[in-house]
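One chain follows as structure tokens, the form predicted on its own.
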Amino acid sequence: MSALPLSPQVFSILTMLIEQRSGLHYGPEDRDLLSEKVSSRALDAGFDSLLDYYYFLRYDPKGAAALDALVDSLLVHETYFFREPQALEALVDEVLVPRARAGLQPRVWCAACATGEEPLTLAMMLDAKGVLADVSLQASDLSLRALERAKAGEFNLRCLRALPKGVEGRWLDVVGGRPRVRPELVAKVEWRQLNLMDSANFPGPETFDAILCRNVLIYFKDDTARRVVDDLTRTLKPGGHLLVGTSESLMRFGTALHCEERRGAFFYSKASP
């Protein structure tokens, strides 16, 4: 299939529409890549012009659902179990376990969890410490397709590339070449569809002891990322922590959070009263 022509003008309005809906930012250097991805959706929908397809997405009553499907196809679901584990270990050992054992029922939100390997990794770590029942885990993503995979607990072998010893056979089994997380572990996570651009549907203020939004902000422009960080911060309890990916930094945003290093990982913490 050859990509449909994508002029700079149509590229501009199409990427603006995608960014408004999802936060995903595409620069001029991404034009050919986006043209290929969007062309297949446009042709499948019966359009031979990307401008006509844009008008359909923007103004047709069926356009909103088609835009969501397009965004879903553009989302990057690259994740795996025990990814960047130092931050998770520090969070579990230094924050969640002490609070759980003190009877404080800590709450954690994994935002933009993709297919769920991160919250399930946390669940495994907490279960290993004997406190899983005492910690509330919530995980969200924009993609319903990714969430359905997470809730099914079925993954692919690539997700196991950083798996430590002792996990398989305890929380996870490989059946017919397909990794499957034990259903009782999957059930410990509250799964929810949520768009990070839609702060009106965020959980309430001062809800969480910790939020993980890792390897997500790199796909946003700075002003979008700053807005998302501010919205996430509002849902943190005083003294709560926001964790981002190792390749991400919030320092340039002038955020109200202060940065501290724990076991080589950076925790962005909300001031206590």
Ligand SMILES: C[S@@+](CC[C@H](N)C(=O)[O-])C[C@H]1O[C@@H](n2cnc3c(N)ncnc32)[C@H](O)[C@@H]1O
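Predicted, not measured: the structure shown is a model, and the values here were computed from it. Numbering starts at 1 and runs along the sequence shown.
Absent from the display: the form predicted in complex with the ligand. The rest refers to it.
In the predicted complex, none of the heavy atoms of residue 54 sits within 4.5 Å of a heavy atom of the ligand. Although the partner is absent here, residue 216 sits close enough that one of its heavy atoms falls within 4.5 Å of the ligand in the predicted complex. Mapping the unseen interface onto this chain, residue 15 falls outside it, with no heavy atom inside 4.5 Å of the ligand in the predicted complex.
At least one heavy atom of residue 197 is located within 4.5 Å of the ligand in the predicted complex. Checked against the ligand in the predicted complex, the candidates 189, 125, 142, 87 yield a single residue with a heavy atom inside 4.5 Å, and that residue is 142. Proximity to the ligand in the predicted complex, taken as a non-hydrogen atom within 4.5 angstroms, holds for one residue of 174, 75, 162, 152, which is 75. None of 178-186, 127-135, 164-172, 79-87 except one has non-hydrogen atoms within 4.5 angstroms of the ligand in the predicted complex; the exception is 79-87.
Contact residues in stretch 23-59 (any heavy atom within 4.5 Å of the ligand, taken in the predicted complex) are limited to 24.
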